[in-house]
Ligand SMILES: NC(=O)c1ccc[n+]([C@@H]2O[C@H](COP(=O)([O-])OP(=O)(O)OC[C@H]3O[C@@H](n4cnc5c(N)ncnc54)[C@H](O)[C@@H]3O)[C@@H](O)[C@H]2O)c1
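Encoded as structure tokens, the following chain is the form predicted on its own, with no partner shown.
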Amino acid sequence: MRRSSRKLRAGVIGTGMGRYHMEGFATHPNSELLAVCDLNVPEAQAFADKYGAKHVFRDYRKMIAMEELDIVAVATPNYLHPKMTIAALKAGKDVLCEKPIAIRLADAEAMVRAAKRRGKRLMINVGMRFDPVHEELRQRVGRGELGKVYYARSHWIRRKGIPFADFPPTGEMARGEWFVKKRQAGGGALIDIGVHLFDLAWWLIGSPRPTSVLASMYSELLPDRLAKVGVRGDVDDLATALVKCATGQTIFLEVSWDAHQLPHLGYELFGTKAGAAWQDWEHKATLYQDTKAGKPTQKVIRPAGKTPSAYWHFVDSCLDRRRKMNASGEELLQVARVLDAIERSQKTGKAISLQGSGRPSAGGCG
């Protein structure tokens, strides 16, 4: 049922990436920011003042116990995602959780089960999906303009982009050494930026069921670079993977926090009728085709319209339960299975089979 009689009331746990959730909820015409929670109470209060939230908490359990709260954003260190998300779902709240969904596959599965059991929405904030240029290209792929898209390549290589070594610990990321501790973060470049780049390519080509993964991971530059700033880390600084899907489609992923290479960000889609490419946060993509005479040609693709942010889409999806929610917990569970397989492939040196992993249902959670 559509709920239009009042605004949804939101609570945000975490003031790092959570500041963007706050802004999203505070600016949506049908939601309001009611509560902010963080161990750093003065900072939480500052954001509450900025966005008009009436309540500030240090203990997330007290916040989610508020009966008047409708939706909760979990924007905390990765290892806390399952505990906080499941608690909020059990308290009857719809949840928008930061990526990755979890650092252990079993926890990701438990989060999805909890959402189903409670009949609540669970969405994961893979925000790159909500860029209008990617939505435009996905629609073109869906309409068959590229023909059969059989191969996708997705990459983000930073020249200098290691947390603490290159980014200050005072912004929205690298707020605490957990960010480079595998036990708490789950990984480095793979979990930080690889989630986005794999998910984006996979989503663009239709979210086919992954069947096998062959991967390598490295931590060659990170230890010495972190040591120079007095931080110890044990996560990867480069990850690469070849993911094959039940449809015969293949995705190649390559991400790095630091490399002696030209930095680049983007993806390429290879189709039987056309190919497409996007790079460097541009608000356009390029479509490569042949003319009727068989000569190569290309044209720029620009978004036909605007796309709501992930935060606005989440609010809209909670207001209208009939709406198909993008980036549902079930969808991102498939991504979690791939990330888990990448880790296992690295440990064993072999390809990992994902046969029988299942496919997300059309409606997602809730």
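For every residue, the number given is its place in the sequence shown, counted from 1. Just so it is clear, the model here is predicted, and its values are computed rather than measured.
Below, we refer to the form predicted in complex with this ligand, which is not included among the displayed structures.
Residue in contact with this ligand in the model of the complex (any heavy atom within 4.5 Å), chosen from V149, A201, M84, V112: M84. Only one of E330, D38, E32, D70 lies close to this ligand in the model of the complex, with a heavy atom inside 4.5 Å, and it is D38.
For the candidate spot formed by E43, T76 and K99, every residue has a non-hydrogen atom within 4.5 angstroms of this ligand in the model of the complex.
Note on the interface: of 178 to 186, 259 to 267, 205 to 213, 230 to 238, the segment with non-hydrogen atoms within 4.5 angstroms of this ligand in the model of the complex is 178 to 186.
In the model of the complex, this ligand lies within 4.5 Å of some heavy atom of N125. Although the partner is absent from this view, R58 contacts this ligand in the model of the complex, with a non-hydrogen atom inside 4.5 angstroms. Looking at I13, you'd find a heavy atom of it within 4.5 angstroms of this ligand in the model of the complex. Shown alone here, M17 lies within 4.5 Å of this ligand in the model of the complex, counting heavy atoms only.
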